[in-house]
Structure formats: structure tokens, C-alpha cells
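One chain comes next, on its own, written as C-alpha cells: the form predicted on its own.
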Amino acid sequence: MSRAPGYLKSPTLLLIVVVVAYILGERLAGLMTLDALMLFMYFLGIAAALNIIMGFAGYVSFGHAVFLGIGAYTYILLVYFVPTMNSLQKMGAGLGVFAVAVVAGLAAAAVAATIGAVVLRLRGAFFAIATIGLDFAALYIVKGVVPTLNPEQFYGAQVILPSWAIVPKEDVFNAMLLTFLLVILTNYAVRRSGFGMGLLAIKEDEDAAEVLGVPTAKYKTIAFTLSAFFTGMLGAIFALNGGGVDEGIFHLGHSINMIVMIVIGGLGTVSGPIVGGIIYYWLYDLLLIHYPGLNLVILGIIVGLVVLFAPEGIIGILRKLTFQGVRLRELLE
């Protein structure tokens, strides 16, 4: 086999650079609205966030929307009730929004770390079912508590931000871009670290990994917490962009979206969530416009075909190929 060309020494980083350049190019050219670009980054970001626990460690979370909800409600309620947080989010052309989103992400991470010690003792379908139960439990708590915080203004669990708590779209875009970059680069760092190799060992055979000295309980908890942190941040910024939050943020469909994207792109790879997120974004937009009501059915069929005929996703197919005499399996991460 010949050596890889210089531009293929790190195709994953090249892909990240291309995607960021595309986002900035679209932003400068004004070819896509800020809302469309933020939805694009949101999709890729939540896929990459789930990838840390599901792709690398092999733990399928059907209730990851709980962390979207915790992050969203934490952010919205903070800027609504805490003047300091409201002032902070309006500073630094997006850096303030990012800072408050970090606080919201930490709230989601704290919940994940607390319950992770329990639910991560389960495996396979039992873990997946437990995460769904967690999602419903959080939803009922929110529906019970949030309306009591301001009965005159909150309509059930729906919180709409007043004009004095709204920030410019440009600031929200900047915060989303920073968060998107952070979660993608964290995926890259984890994949190339000893911690990432330990997660992959857990995915392959957790008992064998334990015997070989991998601290499986510790690694799983860290991965689950890290995944929840980024999911909470993305949920917070997504809610801010929408001007508020309601109980729909806990809908199972959000978790399904994350799973679909990394299954299409390729589980356990850094490129997979990016590729899967891009494909899902365009499919979601196309099908929602042309086949409303049937879009989820069509997406389900597509995912079924991928699972049957390409279980390793798009990246898995590409890794079987060679380019200029170089095996792509050795390059694609």
C-alpha cells in the first residue's frame, strides 16, 4: 500500500474544517437563514453528543431528550428569574449566551452523573428502557413544578421569554457555532485518547475490558456525563433561539433523531455524526416539505435499510474502500 497524500493525513479534521467553512460561507453569503444554519448545527451537535456514550461505549440511550429538556429549562428559567444571568447572556456577542449555556449544560451533567451510577449498571435493552423512564420522570416533574413558579405567566410547562430576555439572533448563532465546534472537537479528542480506546473496549466486550484493567464503571459515567453536558448546552441554545421552551422538548422524537443520525453516519466514529447529521438535515427538510405526515415513515424505512445493508453506516462503507492505494479504514476516524 502507498502512503496517504498530505491532504488525507487527517481527513476527519479536514471534514470538520470543510463543514465549518460551509457554515461561515453560508452565513456571510446570506444563502441560508440564521435559523436554518442553527438547526443544521443543532442536528450535527446532538448527534455528536450522543455519539460519546452510544457510539463509543455502545450504550443506546432512547431517553437522551431528557438532557435537552434539562438544559433548555435551566437556561430559560435562569434568564427569566435571575437578572445577573439575563445580563450575562447579552454580553460578548454570543460569549454570554455560551457562558449561560455552560451552566445549563452543567445542570444536565449533574443529573447524568447522579443517575449514571445506577442506570449504567444495566445493559442493552434494560439500559435503553431505563433512559426512557428517566425522560418521562423528568417530564412529569417539570409539568408539576414549572407552572407553580409563575402561574400568571406560564401556560402549563410552557415558558415564553419576554422581550427583555431576548438576545439578537447573531449572538445565538455565535454561541451555537462555539458549542458545535466544542462537541465535535471533543469527539475527536476522545476518539484519539486512552479514554476513548477504553470506551471502544467496553463497546466490544465490557466483561473482557474489565478483566484487562479498564475501569468500566468510571469510564461509562464520564462518557454519560460528558454526553449529557453537551446535549444540555445544545438544548439550551436551541430553546433560546425559539424564544422559550415547552414540554415538547422531552418528546421521544428528539432522542430518535440523535440515534438515526449516528446510525446513518456510522457509530463510534468522529465523522459519522457529521455525515449522518448532514444527510438527516437535508432529508428532514425535503421530506417535511414534500411528504408531511409521511416523513417519519420514510425516514424509518431509510434507517431500516441502513441497519440491514450497511450496519456500520456511511463511514463504514467508505472505510472498506481504497483511495490512491490507501485503505480508508486506516484514515477515517
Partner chain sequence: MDVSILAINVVSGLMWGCVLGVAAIGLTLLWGVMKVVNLAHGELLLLGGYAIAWLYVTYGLNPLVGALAALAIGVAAGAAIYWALLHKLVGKVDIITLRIEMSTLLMMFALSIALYNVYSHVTRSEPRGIGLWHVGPTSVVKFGPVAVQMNHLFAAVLALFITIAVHLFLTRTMVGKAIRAVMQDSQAAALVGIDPVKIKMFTAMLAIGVTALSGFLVLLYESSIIPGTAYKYAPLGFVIVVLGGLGSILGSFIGGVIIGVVYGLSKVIVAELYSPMASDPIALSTAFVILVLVLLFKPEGLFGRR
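Everything numeric in this text was worked out from a predicted model, so none of it was measured. Residue numbers count along the first chain shown, from 1.
One more form of this protein, predicted together with its partner chain, exists but is not displayed; see below.
K.L.:
Can you check 225 to 233, 123 to 131, 89 to 97, 165 to 173 and let me know which stretch has heavy atoms within 4.5 Å of its partner chain in the predicted complex?
P.N.:
Single hit among the candidates: 123 to 131.
K.L.:
Spell it out for me: taking its partner chain in the predicted complex, does every residue among Phe62, Gly300 and Val307 have a heavy atom no farther than 4.5 Å from it?
P.N.:
Yes, the whole trio is in contact, each within 4.5 Å by some heavy atom.
K.L.:
Is there any non-hydrogen atom of Phe81 lying within 4.5 Å of its partner chain in the predicted complex?
P.N.:
Judged by the heavy-atom cut-off of 4.5 Å, Phe81 is well away from its partner chain in the predicted complex.
K.L.:
Heavy atom to heavy atom, is Gly30 within 4.5 Å of its partner chain in the predicted complex?
P.N.:
Output for Gly30 is no: heavy atoms all beyond 4.5 Å of its partner chain.
K.L.:
So, in the predicted complex, is Val260 in contact with its partner chain at a 4.5 angstroms heavy atom limit?
P.N.:
The answer is yes: Val260 has a heavy atom within 4.5 Å of its partner chain.
K.L.:
Taking heavy atoms and a 4.5 Å cut-off, does Leu294 contact its partner chain in the predicted complex?
P.N.:
Contact check for Leu294: yes, within 4.5 Å of its partner chain in the predicted complex.
K.L.:
Which of Leu106, Ile160, Ala137, Leu181 has a heavy atom within 4.5 Å of its partner chain in the predicted complex?
P.N.:
The residue in contact is Ala137.
K.L.:
May I ask you to list the residues of 242 to 260 that have any heavy atom within 4.5 angstroms of its partner chain in the predicted complex, in sequence order?
P.N.:
Those in contact are His251, Leu252, Ile256, Ile259, Val260.
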